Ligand code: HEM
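Given next, in structure tokens, is a single chain: the form predicted alone.
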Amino acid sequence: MALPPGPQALSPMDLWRWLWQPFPFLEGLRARHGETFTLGIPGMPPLVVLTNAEHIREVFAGSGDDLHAGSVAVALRPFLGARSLLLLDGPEHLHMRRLMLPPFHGERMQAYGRDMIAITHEAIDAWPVGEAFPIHRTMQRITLDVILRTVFGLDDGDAHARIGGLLEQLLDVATWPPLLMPFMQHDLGRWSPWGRYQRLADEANRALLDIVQRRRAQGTAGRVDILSMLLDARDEQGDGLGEEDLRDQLVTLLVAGHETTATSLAWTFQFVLARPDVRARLGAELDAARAQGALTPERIAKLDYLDGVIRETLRLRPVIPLVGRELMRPMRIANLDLPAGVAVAPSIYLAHRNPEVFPDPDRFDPERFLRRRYAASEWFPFGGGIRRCIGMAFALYEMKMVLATVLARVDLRAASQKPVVPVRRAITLSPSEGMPVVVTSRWPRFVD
């Protein structure tokens, strides 16, 4: 039961590289040890990192009783709460997942699409023309507004502004990478990093519980926001979600759906602005759609090349480098006899750069996704199997609405010739300096 080669205990330098340069760090380990290697990260089970699609398929096909994800994501517990869907395993995970899935059904997306487009228009109206600004920051504001309206059901007003400002502060503090390490999660006073986070988190918890209690009191009749649907959700016994469950799921939706989507949108702009041919083809597709009528959510959702651009961005720049499952019993995976307590970790980043699956893997080529359909073990930026992110359809849909609206209203260029490199923000990897851009032209809003 010997584990594959690789650093089973990271040196201080390797830990620094994992925190701040995870992509080149993983590439170096694969070059040194081959397609399967071991990685030891403090506070986590030993990780057997997998990059071969067939080996990854074995993991995603595995039972939720045999393969647990909660212990691998344990560093997120202080941020998300112990009842977060990302931390539950076995029957508890399946039960919570069944309750949470209905609001994310594809048919409901159109109800959110108009809000996504309207929020993007509001952001574009405030962009300066001819002056550089970081597009990642404005994408964060857009995705946070989308969550406040579609998840929490908060329209513009005092409550929207108050909770939005508080959550922005909280998420900014939480994205400092060292806070992921358990030894950093100690409250040493209000000015210590964890102390500051803890006080903001306590305030945010009170605000979220207040929203939940107010919505219960007001009733959910006629509402389509996700919070209202979660309040109405019932299992086979007729039981709904308690306050703690609701709070932890709302925080999970906020964290998983805000920073990750904003980061992916910023990377998409980086790739599109670097490739005039891609920008031109997107423009032609949008023009063809507008020739048929207004750019409605329904028309935007059907744009194939736009979809390919987004999927190719997620291939090259997944927001997290790997996902993990801890073995609850000895198992044979990837032709290895592995003991219980070890985790298998499909590497999204390395699997997406497998030249046997993606020829010329470093090239940004959206047409890959027009030429073929990739297996769930080949392209998996949202994870896979029974742990695949329930918000995948929502995130892809939101990215389409935002990207199409921006490209139909403004001409953009990169503000700098400096290389854009990944920079870690908590679990995500975002473009350096926020991907600064300049608006060279802006046109009036399109009306459906």
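These numbers were taken from a predicted model, which means no experiment stands behind them. Throughout, we count residues from 1 along the sequence that is shown.
This next part talks about the form predicted together with the named molecule, which is not shown.
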Self-check item: Options 237-245, 191-199, 165-173, 315-323; stretch whose heavy atom lies within 4.5 Å of the named molecule in the model of the complex
Solution: 315-323
Exercise. Heavy atom within 4.5 Å of the named molecule in the model of the complex: which of S347, T261, T120, T268 fits that? Just give me the one.
Key: T261
Practice problem: Heavy atom within 4.5 Å of the named molecule in the model of the complex: which of I135, L253, L306, A343 fits that? Just give me the one. | Solution: L253
Practice problem: Give a yes or no for F382: in the model of the complex, does one of its heavy atoms lie within 4.5 Å of a heavy atom belonging to the named molecule? | Solution: yes
Practice problem: Answer with yes or no whether G391 is in contact with the named molecule in the model of the complex, where contact means some heavy atom within 4.5 Å. | Solution: yes
Exercise. Report whether the minimum heavy atom distance between F79 and the named molecule in the model of the complex is within 4.5 Å.
Key: no
Self-check item: Residue contact check: L26 to the named molecule in the model of the complex, 4.5 Å heavy atom
Solution: no
Exercise. Enumerate the residues of 84-104 that have a non-hydrogen atom within 4.5 Å of the named molecule in the model of the complex, in sequence order, or give none.
Key: L85, L86, H93, R97, F104
